[in-house]
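The form predicted alone is given below as one chain in C-alpha cells.
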Amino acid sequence: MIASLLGISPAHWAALLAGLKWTIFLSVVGFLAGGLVGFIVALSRISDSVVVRAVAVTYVNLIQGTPLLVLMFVLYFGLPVFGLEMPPLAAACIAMTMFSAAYLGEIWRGCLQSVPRTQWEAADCLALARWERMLLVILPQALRIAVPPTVGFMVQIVKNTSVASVIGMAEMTYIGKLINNATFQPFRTYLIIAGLYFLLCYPLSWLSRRLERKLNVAHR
C-alpha cells in the first residue's frame, strides 16, 4: 500500500529500506567509534603535555580541513596503491570515525574548558589525582553542557553518511541512484529519500533543542 502510494515498486521500496539500514549502521559506527576517539582527542587537547596537545591540534586541523569526500577517496582509492585493499564498508566506517572524532573532540574540549576554573582549583585543593579530578568533578559538569551539541552533531553524522555513496557503499543515497537509473524518476526517488532522511534527523534536532532548553546552564 505505501509503495503504491509513493509510486515505487515493492522491490525498490525494499531496496531503499535495506539502504536505510546501512545509513543507520554508518551513523551508529560514526558516533560510537568517533565518540570514543573524540573523547581521547578532547582530553589530549587539554593535556599538560605540549607534545600531546600539538598532536591533537594537528589531527583536528587536518581532518576538519579535509572534506569527508576526499577522506573517503584517500582511504578507498589511495591505500590500494600501497597494497592495502579497503572494502567500501571499511573505508566508510573509518572515514566517518575520523570525521566524527575531530568534531566531537572539539565540541567536548570546549565543554570541558567551559567548566568554571574555580571548579578545577577546588579539585586541586582536595588533593585529587588528575583522573579523579576529571572523573568526579569536571566530567559530570561538562556532560550537562555537552549533551545538546552532541545530539545536534548526530544530525550531521546521519546526513554525511550519504557521501559514502561515491565509493560504492550501498547506503540509502547509493540505492536511490540505482533506482533512479532504472526508473528515470529523479524527483520522486530523491524526494522519498529526503523524506527518509528527515524522519531520521528531525527527532534528533528536536531532542537537541529540548535538551538545550532543559540543560541550559547559563540560567542555573
Partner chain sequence: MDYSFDFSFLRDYWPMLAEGLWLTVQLALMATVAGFLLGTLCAVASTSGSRILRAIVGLYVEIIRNTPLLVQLFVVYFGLASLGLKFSATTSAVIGLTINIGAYSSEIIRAGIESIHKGQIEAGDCLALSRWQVLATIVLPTAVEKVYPALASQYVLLMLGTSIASQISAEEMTAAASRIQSDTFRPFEVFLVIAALYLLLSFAMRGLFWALGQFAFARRRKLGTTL
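Numbering follows the first chain given and starts at 1. No experiment lies behind these values; they were computed from the predicted model shown.
There is also a form predicted together with its partner chain; it is not shown, and the following applies to it.
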**Asked** With a 4.5 Å heavy atom cut-off, would you call V155 a contact of its partner chain in the predicted bound form?
**Response** yes
**Message:** Can you work out whether C201 and its partner chain are in contact in the predicted bound form, taking contact to mean some heavy atom pair no more than 4.5 Å apart?
**Reply:** yes
**Message:** With a cut-off of 4.5 Å between heavy atoms, is G78 one of the residues that contacts its partner chain in the predicted bound form?
**Reply:** yes
**Request:** Evaluate Q64 for contact with its partner chain in the predicted bound form, applying a 4.5 angstroms cut-off between non-hydrogen atoms, and reply yes or no.
**Result:** yes
**Request:** For the three residues F31, W120 and L136, verify that every one has a non-hydrogen atom within 4.5 Å of its partner chain in the predicted bound form; reply yes or no.
**Result:** no
**Asked** Pick from 80 to 88, 124 to 132, 139 to 147, 104 to 112: which stretch has a heavy atom within 4.5 Å of its partner chain in the predicted bound form?
**Response** 80 to 88
**Complete:** Heavy atom within 4.5 Å of its partner chain in the predicted bound form, from candidates L36, V70, V52, A182, belongs to V70
**Item:** Of V57, A194, I40, I46, the one that lies within 4.5 Å of its partner chain in the predicted bound form (heavy atoms)
**Value:** A194
**Message:** Given a 4.5 Å distance limit between heavy atoms, list every residue of 162 to 179 close to its partner chain in the predicted bound form, or none if there are none.
**Reply:** S162, V163, S165, V166, T173, K177
